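Take a look at this one chain, the form predicted alone, written out in structure tokens.
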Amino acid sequence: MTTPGFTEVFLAFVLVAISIVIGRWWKIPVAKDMALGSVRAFVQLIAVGYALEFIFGLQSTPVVLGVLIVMTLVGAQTAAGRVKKLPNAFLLNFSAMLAGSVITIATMYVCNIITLEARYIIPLGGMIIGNSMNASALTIERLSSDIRSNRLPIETSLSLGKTWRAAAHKYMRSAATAGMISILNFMKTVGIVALPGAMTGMILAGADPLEAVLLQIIVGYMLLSAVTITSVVAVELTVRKFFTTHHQLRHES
């Protein structure tokens, strides 16, 4: 593979053109989104590239942590937009994502797997936050939907003397599973169905394949931890929005 430059990037735009032609041929109304999305991705990634080059040069831990906080805030806002009719959706997503990200990164640092250098923390943090964002949004949306659509059986369980946790347990478990399903599928098929991004990137950059594999295993375990923590925290925070301290289902939820 040739060393990528701006010329190669512009030539690769042929792939976008093929996608647009196919979309138009099949009358799929996404041609505009494809074109705008491709241009937007180009601008955003080039800007991020220059920004990261600047940040890496600073070697400032506070700046790195600030970048991660901003990424988490943006991710939480995006996730909150997927959750309908739930008060404080942004705070719920942010708290769950922050818990999953902080615990995972802190554990890796304590175990001396990573250092606090920007070139390690920011890319890995980005993967963690992105996966946590999806897990949080899916978990909260699934739990909210299940509780709202099963009010009668839940209220019946409560009337029979069950606690709110017992009445909502199967919905909590189902929601947490929904948030984790993507990473679980990834762990089952990685290396067989597809070669993941971190591993592929290292191999394309000329790294030893075994070294790339070992890094990918660490990344997989890292994402499993972050997604699991995020999903569980999201469930615990969200379910309390639907019940009172007297084990009653809130009718306004």
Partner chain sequence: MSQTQSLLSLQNLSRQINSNGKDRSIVDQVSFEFERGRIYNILGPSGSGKSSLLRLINRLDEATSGDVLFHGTNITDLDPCQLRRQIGYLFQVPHLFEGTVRDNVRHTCPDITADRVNQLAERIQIEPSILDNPVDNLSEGEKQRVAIARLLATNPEVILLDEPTSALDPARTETIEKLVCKIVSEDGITTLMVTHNPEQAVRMGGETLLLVDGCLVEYGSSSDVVNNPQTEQGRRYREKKLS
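Positions refer to the first chain, counted from 1. The structure presented is a predicted model; accordingly, all values stated were derived computationally and were not measured.
Keep in mind that the form predicted together with the partner chain is not shown, yet the notes after this line are about it.
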property: Contact test, all of P153, S159 and K170, partner the partner chain in the predicted bound form, heavy atom 4.5 Å; result: yes
property: Heavy atom of Q77 within 4.5 Å of the partner chain in the predicted bound form; result: no
property: 4.5 angstroms heavy atom contact with the partner chain in the predicted bound form for S145; result: no
property: Proximity of T163 to the partner chain in the predicted bound form, heavy atoms at 4.5 Å; result: yes
property: Partner-facing stretch of 20-28, 5-13, 225-233, 240-248, counted where any non-hydrogen atom is within 4.5 angstroms of the partner chain in the predicted bound form; result: 240-248
property: Partner contacts in the predicted bound form for 45-64 (non-hydrogen atom within 4.5 angstroms of the partner chain); result: none
